[in-house]
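For reference, the chain that follows is the form predicted alone, supplied as structure tokens.
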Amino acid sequence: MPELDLFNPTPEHAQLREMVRRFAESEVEPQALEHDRTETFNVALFRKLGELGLLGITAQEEFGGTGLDPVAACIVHEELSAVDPGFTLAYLAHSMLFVNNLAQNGSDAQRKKYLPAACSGEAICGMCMSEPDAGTDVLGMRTTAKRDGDHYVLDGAKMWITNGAISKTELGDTFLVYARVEGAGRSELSMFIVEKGMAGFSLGQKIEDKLGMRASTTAELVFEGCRVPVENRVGEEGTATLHMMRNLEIERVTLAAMSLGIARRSVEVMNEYARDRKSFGEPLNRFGQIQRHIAESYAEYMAGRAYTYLIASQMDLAKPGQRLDTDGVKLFCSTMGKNVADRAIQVLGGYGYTGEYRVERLWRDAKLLEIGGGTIEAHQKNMTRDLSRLEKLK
């Protein structure tokens, strides 16, 4: 029998990992530091992901996608994040939050109209959920949609939107926007496709001077009497909470995979440095304090990796039902990735504190993963609630 490989279950997965790793090392890594320093999004490089078939990794082939599974999505996010988490976050917002979301929840007409351009990279897309006063409490959002004949009129603002702006003044192209239809209850949300150029849709502030993830753009998007055709509503009124829950699961697993990339690269850097650098006439890896940093980091990385790929292999993108463990992998991996990057800085000492060895950038980027896509506190709450319903663990 062939050997089971949890991380590359099929030859196609192994080929995908090799291809993305080569691309990451040859194309993504050389530009990472410059775009971090300038807080700019590399649009040309992003569009190369479309040429490789990565922007529609989980979308149906008939609409321009690649039709692969959650394990493949994790592979891409892990490999890209090992060299540039900021760039990878822009990829995630496009490929998971927009493309996968629409591929799973949209009508054939909507998929046919919007997915080919998104999968090729012609359009740069995102998803609008968080608001200035509603982050973790997504059901507390205040953006409204009022039916007016064959249109809806959207009013409100969305905050912290990745790919909201692709430059200081230019909006992204197409967004999935969650809003509450007037008169709907707290849990009844609807989702709309909003395009750049629609009247009443504008770029608010571009959020700059972030701690990390500086190579992905973050912005406020404003809706002031924004008229959206009825055919741009995704699904029936009041059904978008299910869409949201379904897509949050793959988002959290791929965010966990980003943390894996950060952790893996940090382990590689500290391992190489401790092997080659000498102190008191001995390689650093002969000292117990350094050994603890390296060994514990590797063990934690492998534990998170096994958990993430196990859950990814069990996921069905068409329906929710894995909240306990999709929250679990992100809860564990987000803090693990940050801690491993922190240990790498400690092992490298002063060199780790500079941009030359990359781990200071990885450490800065890692912190966002404890906040974005659900805070670690939200995961703890969700998991405790889900566990309280279980008599025994499987």
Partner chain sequence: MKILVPIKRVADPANANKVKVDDDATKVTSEGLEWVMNPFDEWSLEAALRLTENAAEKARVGEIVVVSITPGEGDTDHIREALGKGAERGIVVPAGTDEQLDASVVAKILAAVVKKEEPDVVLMGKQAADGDSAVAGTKLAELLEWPVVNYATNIATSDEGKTFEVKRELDIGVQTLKVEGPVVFTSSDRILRPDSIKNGVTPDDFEYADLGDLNSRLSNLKNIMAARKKPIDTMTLDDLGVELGVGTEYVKFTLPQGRSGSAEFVETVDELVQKLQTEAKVL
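Numbering follows the first chain given and starts at 1. Remember, predicted model here, so these are calculated numbers, not experimental data.
Another form, the form predicted together with the partner chain, is not on view; read the next lines as being about it.
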Worksheet item: Just one of 348-356, 325-333, 22-30, 363-371 has heavy atoms within 4.5 Å of the partner chain in the predicted complex; which?
Response: 22-30
Practice prompt. Given the partner chain in the predicted complex, answer whether the residues 12, 52 and 66 all have a heavy atom inside 4.5 Å of it.
Written response: yes
Worksheet item: Is there a non-hydrogen atom of residue 344 within 4.5 angstroms of a non-hydrogen atom of the partner chain in the predicted complex?
Response: no
Worksheet item: Does the partner chain come within 4.5 Å of any heavy atom of residue 57 in the predicted complex?
Response: yes
